[in-house]
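Only one chain is given next, in structure tokens, and it is the form predicted on its own.
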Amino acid sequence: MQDILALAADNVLSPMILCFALGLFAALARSELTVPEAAAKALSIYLLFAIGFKGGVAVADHGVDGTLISALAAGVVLSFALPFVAFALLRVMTRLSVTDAAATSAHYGSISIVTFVTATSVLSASGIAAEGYMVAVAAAMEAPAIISALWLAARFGSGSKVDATLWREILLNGSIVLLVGSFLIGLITGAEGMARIESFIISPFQGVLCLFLLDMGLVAGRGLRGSRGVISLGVLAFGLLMPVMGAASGLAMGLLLGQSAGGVALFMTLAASASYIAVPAAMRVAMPEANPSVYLTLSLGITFPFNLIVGIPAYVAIAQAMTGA
């Protein structure tokens, strides 16, 4: 417990989390502080490219083998399965409609790449190594949850049409294309490619992440400020309980695969996180009748801050304890 508290304190006092807190405070206090949309998009593009490229280089050094394939399969299984858990909890704990519950469940089967990036930064700062192929697992976990949510909506509600437009939105979503594409570039160019652009990929990363999290704090604060009357106690409890259940599933998968402490922590983080980029874009096409105030406030306003402030330090400490690291 002391290790968890110590790591939590270090994480809360890190520049990244304090920048997020600054943005959250500014939004809740109705400050005029803003990050221009074009700048925010540029920051996200940089982060996705950097994490994808570094992951590809790590896999190039590691090699494509059974370990990588097993991790990818485990990630896909988790992404398919977690929406069913989320949907059941939402139907028991809240009064959300079938459509809103199904749309929200998709967010909790998919992943938050920014939460993943923050977790890798925490591991790096703590000197804890992790399997480089986890970025490929993150990419693989983006889309399967959307399919599960569509099935849930069709089975228990009025149904949602799966057509070419939706598949295009899922598979060609900008974040997925950039993450997978930069991963492949890193895989192809390997260590030589990293040596050429290391000063661009490594050194600015932490600073860019700080500015991006400042913007995320602003977005989360505005969402919380505008969600009055939408978020009940049951919905709030779900936003805190579901990441814990997801992390437990990720812990089991990581241990089953025999991963390092860092790898287990990242698997826990991925399973505990909730998408607020790829899935909302898909839900606008697949379930336009679903209420964005519900799923965006939950994923970005509640679960995202929980994971950054409480979850990641706990996941790292638990992974170390369970692996004996």
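This structure is a prediction, so every number in the text was calculated from the model and none was measured. One rule holds for the numbers: they count along the sequence shown, beginning at 1.
Although not depicted, the form predicted in complex with a further copy of the same chain is the subject of the following passage.
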### Query
Going by a heavy atom distance of 4.5 Å, is H62 a contact of a further copy of the same chain in the predicted bound form?
no
### Query
Applying a 4.5 Å heavy atom distance criterion, does T189 contact a further copy of the same chain in the predicted bound form?
yes
### Message
Using a 4.5 angstroms cut-off on non-hydrogen atoms, would T34 count as touching a further copy of the same chain in the predicted bound form?
### Response
yes
### Task
Give a yes or no for F156: in the predicted bound form, does one of its heavy atoms lie within 4.5 Å of a heavy atom belonging to a further copy of the same chain?
no
### Message
A74, L251 and I309 - do all three of these have some heavy atom no more than 4.5 Å from a further copy of the same chain in the predicted bound form?
### Response
no
## Note on the structure
Which of 265 to 273, 37 to 45, 63 to 71, 252 to 260 lies within 4.5 Å of a further copy of the same chain in the predicted bound form, heavy atoms considered? The stretch 37 to 45
### Summary
From L236, L178, V98, M93: within 4.5 Å of a further copy of the same chain in the predicted bound form by heavy atoms is L178
### Task
Counting non-hydrogen atoms within 4.5 angstroms of a further copy of the same chain in the predicted bound form, say which of I185, A140, A81, I231 makes the cut.
I185
### Task
Select from 184 to 211 the residues with a non-hydrogen atom within 4.5 Å of a further copy of the same chain in the predicted bound form and write them out in sequence order.
I185, I188, T189, E192, G193, R196, I197, S199, F200, S203, P204, Q206, G207, V208, C210, L211
